[in-house]
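What follows is a single chain, given as structure tokens, in the form predicted on its own.
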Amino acid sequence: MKSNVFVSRLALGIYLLIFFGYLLGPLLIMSLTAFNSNAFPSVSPWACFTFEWFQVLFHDERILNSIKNSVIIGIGTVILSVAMGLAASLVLTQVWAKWRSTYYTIIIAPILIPGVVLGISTVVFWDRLSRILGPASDALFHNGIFLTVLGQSTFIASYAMLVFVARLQRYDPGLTEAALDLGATHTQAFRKILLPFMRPAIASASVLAFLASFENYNTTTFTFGRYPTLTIELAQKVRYGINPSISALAFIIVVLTVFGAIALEAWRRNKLKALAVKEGTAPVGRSILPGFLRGNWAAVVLVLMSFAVITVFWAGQSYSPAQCKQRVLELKQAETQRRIQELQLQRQIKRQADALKGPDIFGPSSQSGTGTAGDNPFGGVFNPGNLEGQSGTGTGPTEQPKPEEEPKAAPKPSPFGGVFDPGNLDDVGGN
């Protein structure tokens, strides 16, 4: 029994390790490339530890402008999407039951529509509307920020509505009815009772809407105009070549996200602890940690991460990678020189081996006409210079004098008496 439990826990641990490695591994590798001095984002080979890519990032005007545009568009999208989502969720609770499913399908439909279609339809619709209203509306209806906020809100509002619907399922309508019976108006009942109850859902929907707007690309690529967002700018940089400053930006976003999550968890645990102390159910004990750190692991991790980040950047101010880069450059030059010497040595060995082996029958010596008949067993039969020498018109690079013709041997007597000699025909024709 214990062995089965051990195997199950081991398998679960391996699965979790693979799962989180698959999710967080690329982020970890990208974060490491931000501190490597190589010009292209890479971890191996590791050159020098440096912070120069953060300086490159902070001096990149296009990236900074795109971040500003993304934040502005995100805030506008949050305001519009949360307002529309909250209104849609409230209407869903008030609409007739037989129309509720149809209304819900219509509100959810933008999530199922591709972002490309939403972007194109947004541009086309507002362009036609500006032509109807006249030139006075061109400045607004052709503004990239305005179009992007409208295009993104068409589907992000549906996400916000789902968050609000989930929260409203826990709401008791009797609270609103009781407030109305006591003389409150509908506005007062909404502001004093329903809105405080929906506050956690509003916060969650706002974060969701901002993140969905910040990372959106398909819809934004048709609507941004002269105001590119961060995703648009990064896509253009990837197309034309990137450097590790993009990794530095990714590292900053990851650190801010982790800090935000841990800070929220620390605040939540501290709030629960304060409530437990107020009710008298908090455990009593002594600890060397301050009050807000006792029993709050999230706060402890947040403090440790803060010290780690401060230490790293303080060390970066006093650490200069110039000497390391110079040493790496010298090593690369030495490696290049060594490879050049190896290639030269290999070529020299090859030339010596060719000289000892002798020219080939089809080699350069036979083709250039400089070889002699004794250099190969065929006696220079395949030498092209022989043809030039025979024709008398060749101008080869080297022409050898023709050897003196040896006297022809006397023909052997034929048993037929020269009957088949071709000269007999000439004699006959002459007669």
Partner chain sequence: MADGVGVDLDNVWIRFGDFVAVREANVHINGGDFFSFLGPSGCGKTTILRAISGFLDPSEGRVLIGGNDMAGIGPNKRPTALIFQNLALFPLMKIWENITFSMEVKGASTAERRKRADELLDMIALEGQGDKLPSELSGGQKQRVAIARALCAEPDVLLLDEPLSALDLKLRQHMRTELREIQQRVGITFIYITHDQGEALTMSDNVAVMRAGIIDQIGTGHDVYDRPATAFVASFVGENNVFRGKIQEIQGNEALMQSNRSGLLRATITPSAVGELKVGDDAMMFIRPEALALANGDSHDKARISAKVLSEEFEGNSYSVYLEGDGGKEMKMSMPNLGQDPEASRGQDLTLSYDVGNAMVMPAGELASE
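Small disclaimer: the values here were computed from a predicted structure and weren't measured. Numbering follows the first chain given and starts at 1.
Below, we turn to the form predicted together with its partner chain, even though it does not appear here.
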{"query": "Residue (of 83, 329, 207, 175) lying close to its partner chain in the predicted bound form, criterion heavy atoms within 4.5 Å", "finding": "175"}
{"query": "139, 349, 256, 182 - the one with a heavy atom within 4.5 Å of its partner chain in the predicted bound form", "finding": "182"}
{"query": "Location of its partner chain contact in the predicted bound form, chosen stretch of 226-234, 193-201, 97-105, 156-164 [non-hydrogen atom, 4.5 Å]", "finding": "193-201"}
{"query": "Residue 218 within 4.5 Å of its partner chain in the predicted bound form, heavy atoms", "finding": "no"}
{"query": "Interface membership of residue 121, its partner chain in the predicted bound form, 4.5 Å heavy atom rule", "finding": "no"}
{"query": "Contact label in the predicted bound form: residue 93 to its partner chain, heavy atom within 4.5 Å", "finding": "no"}
{"query": "Heavy atom of residue 188 within 4.5 Å of its partner chain in the predicted bound form", "finding": "yes"}
